[in-house]
Ligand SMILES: Nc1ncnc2c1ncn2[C@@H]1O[C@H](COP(=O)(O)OP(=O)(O)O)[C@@H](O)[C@H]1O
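Encoded as structure tokens, the following chain is the form predicted alone, with no partner shown.
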Amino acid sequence: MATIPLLQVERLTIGFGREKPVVHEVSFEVMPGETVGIVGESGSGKTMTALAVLRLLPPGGRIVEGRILFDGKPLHQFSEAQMRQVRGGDISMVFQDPFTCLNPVMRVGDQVAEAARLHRGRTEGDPYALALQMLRAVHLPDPERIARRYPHELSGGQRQRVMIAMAFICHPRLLIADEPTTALDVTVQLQILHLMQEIQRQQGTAVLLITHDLGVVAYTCDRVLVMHEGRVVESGSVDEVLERPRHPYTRRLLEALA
């Protein structure tokens, strides 16, 4: 029996007011446990596509047409109350800049524990103990000490590990990672990508990875979509797209990587 896609995005079009749509008829699937990359330059529409899945479009943004199905359920028709149950539980997100996402006046351990408290039905045990367990799982040294610190007391790589701990604490079925390593140096980038893959394998999570870097795609993804000016211009397995690119834009991205 064929496996049913975990996430199905069908002819998604996103607009702002009467302006020209910023995303045009984007369609793709994410299967359980796989990693799908969306690659493109800044402004290509890849982040808007990801935000639409969680119904977190910026003010004025709306889904003009198309469908977003998660496990067969129409997220594009869900109420805000229903989406709050989905966010952080079934679908989690890791953002590009963790410093802007973490509460600056709340200790790190309390923030990770709060993620578990919000979805108690998906976790067992004391939320703070689970937070320490996750901080240990993302290989933070001395997690008890880290848990007592505030975000500004951590390095960029440590903050990103905290965000990954928050994202995975409720064992989401899908993780959306939006440029999760852009602000980090190359060595830390590789550590973070390896860490995400490690926890993904342990939990069986599917990943939708948003990036401008084909090198990251080659290292982490099973399949890839290439977006340019709000449209998918090429898609396929990573080997297929990177070894035999058909679209001129994909070839330009590869040339920039060389």
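Keep in mind that what you see is a predicted model, and the values were worked out from it rather than measured. Residue positions are given as counts along the sequence shown, with the first one as 1.
What comes next is about the form predicted together with this ligand, which is not displayed.
- At a distance threshold of 4.5 angstroms between non-hydrogen atoms, residue 16 is in contact with this ligand in the model of the complex.
- Of the heavy atoms in residue 238, none are within 4.5 Å of this ligand in the model of the complex.
- Contact check for residue 204: every heavy atom lies farther than 4.5 Å from this ligand in the model of the complex.
- At the 4.5 Å threshold, heavy atoms of residue 215 stay clear of this ligand in the model of the complex, well away from it.
- Listed stretches are 216-224, 37-45, 65-73, 192-200; the contact stretch with this ligand in the model of the complex is 37-45, by a heavy atom cutoff of 4.5 Å.
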